[in-house]
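We begin with a single chain expressed as structure tokens, specifically the form predicted alone.
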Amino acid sequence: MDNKKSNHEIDVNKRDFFRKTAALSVTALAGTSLLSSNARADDPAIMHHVPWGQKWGDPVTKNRYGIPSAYEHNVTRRNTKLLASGNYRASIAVTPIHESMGIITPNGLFFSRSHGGVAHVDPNQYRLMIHGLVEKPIVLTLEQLKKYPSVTRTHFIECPANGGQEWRGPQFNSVQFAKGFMSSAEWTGVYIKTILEDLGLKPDARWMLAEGSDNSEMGRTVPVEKVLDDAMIVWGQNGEALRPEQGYPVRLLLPGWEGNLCVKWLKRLEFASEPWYCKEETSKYTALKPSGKAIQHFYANEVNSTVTSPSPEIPWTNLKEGDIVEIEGLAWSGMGTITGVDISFDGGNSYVPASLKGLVLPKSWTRWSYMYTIPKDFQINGKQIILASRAMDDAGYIQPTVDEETAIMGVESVYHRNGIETWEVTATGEVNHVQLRS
């Protein structure tokens, strides 16, 4: 008698093994709520060879510059007519922060803001002029600039209008459009103070003008105190050269300060004893107060946070009573380092501490999370969960409520909104952007 088993017998035994394994898995999962019990004994993904395992993969020469999986086609920057000129040159494309992992934004998803479209600069013709109240004015090529000792730092960049459409109330039922005017990256470049050690800064230099080479010639005034602290001229982002929409080949980076101050396509730094009062710091990027007067020269983005999951883009419609789910979000402060994040399930009436995850760096995104058990009354009587997060930093600042913020600023401003956000989770698991006022 032939002892060799037929292919049919082997296939039957394999199916029997997977059925038993699936049954045991379901039994094991019955005592926990971390996963839904949806395993099937005849799951085709287990029972049959997957198509990609039965053929050659692409050669390593196919994509000389790697691209995301085709299945990640929805993870893109997005734009809206509400936040754009008619031709999308003076516009913004926002980051899908709900899809973000860790504290680094991929270069292809980093939010993009321009005032006259994306400039394409020939690096061979690039020049950086540094002049004014310096002992030795200079014009540097890109090659000469890169000869200075470089540093690499991780910092966020945030448009001061991030969340600014919400002063009167939520305008977008989307975390991407509500808080996606920001990203975080690893930057490589040189501290400006290092260059000034060579050039010599005159004693009466109090301000620096940074000017871009694009057609808007974006110009902003920066106090010398910031320049001599941590201001950088950067040419690298996340291990590669800056992308054109991020100012290739060189941009200014002022860690923690308004994104528009981080002038792209940088061509000139001039030092003087008085500020320039450029267009973008007089008619733009000021904050109108209830008195009718505007605040000018306020720079650092205040302590802030947001919930990224759940969100309108990532609802809880597949969850039920007893399931355990991780609530995640981001916190950041241009004033320093995040020291803690609290989370509320009742719209801010009470808070519990969340956990900070991974690296916690100054003037950088900080990821936080909280493991939550879906309550018994989640789907009964329409009892909503109202999520809110509140961040604090080592400079002593605590994220304010909307009422606290508007009591000082009113609702006519656009910039520097950092009031606590709230997200309604309905009984069916949908998530809506709401605003609670006393």
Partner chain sequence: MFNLDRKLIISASVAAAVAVFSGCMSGNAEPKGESTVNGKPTIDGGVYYPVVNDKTGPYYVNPQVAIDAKKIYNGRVPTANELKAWDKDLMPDGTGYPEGEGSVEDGEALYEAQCVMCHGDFGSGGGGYPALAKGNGYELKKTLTNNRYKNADGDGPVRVFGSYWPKVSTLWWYIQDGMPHPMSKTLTVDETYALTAYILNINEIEYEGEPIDEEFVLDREKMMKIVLPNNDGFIPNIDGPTGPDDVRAFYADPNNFGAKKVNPAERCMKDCLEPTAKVTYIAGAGISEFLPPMATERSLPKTEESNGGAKKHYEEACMMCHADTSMGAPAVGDAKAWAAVTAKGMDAVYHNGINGINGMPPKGGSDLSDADFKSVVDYMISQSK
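All values derive from a computational prediction rather than experimental measurement. Numbering follows the first chain given and starts at 1. Superpose the two forms; the largest set of C-alphas matching within 1.5 Å is the rigid core.
Separately, the form predicted in complex with its partner chain exists; it is not shown, and the next lines address it.
Asker: Within 4.5 Å, heavy atoms only, one stretch in 316 to 324, 330 to 338, 156 to 164, 244 to 252 touches its partner chain in the model of the complex. Which?
Answerer: Stretch with heavy atoms near the partner: 330 to 338.
Asker: Would you kindly say which of 106, 236, 275, 358 lies with a heavy atom within 4.5 Å of its partner chain in the model of the complex?
Answerer: Answer to the contact question: 275.
Asker: Would residue 43 sit within 4.5 Å of its partner chain in the model of the complex, counting heavy atoms only?
Answerer: The answer is no: residue 43 has no heavy atom within 4.5 Å of its partner chain.
Asker: Using 4.5 Å between non-hydrogen atoms, is residue 53 touching its partner chain in the model of the complex?
Answerer: No, residue 53 sits far enough from its partner chain in the model of the complex that none of its heavy atoms falls within 4.5 Å.
Asker: Quick one: does residue 427 come within 4.5 Å of its partner chain in the model of the complex, counting heavy atoms only?
Answerer: Residue 427 lies outside the contact set for its partner chain.
Asker: Can you work out whether residue 124 and its partner chain are in contact in the model of the complex, taking contact to mean some heavy atom pair no more than 4.5 Å apart?
Answerer: Close contact is absent here: in the model of the complex, residue 124 is far from its partner chain, nothing within 4.5 Å, heavy atoms only.
Asker: Looking at its partner chain in the model of the complex, which residues in 247 to 284 have at least one heavy atom within 4.5 Å of it?
Answerer: Result: 257, 267, 268, 270, 272, 274, 275, 276, 277, 278, 279, 282, 283.
Asker: Could you tell me whether the Cα atom of residue 51 shifts by at least 2 Å between the shown form and the other one after core superposition?
Answerer: Yes; that C-alpha moves by at least 2 Å between the shown form and the other one.
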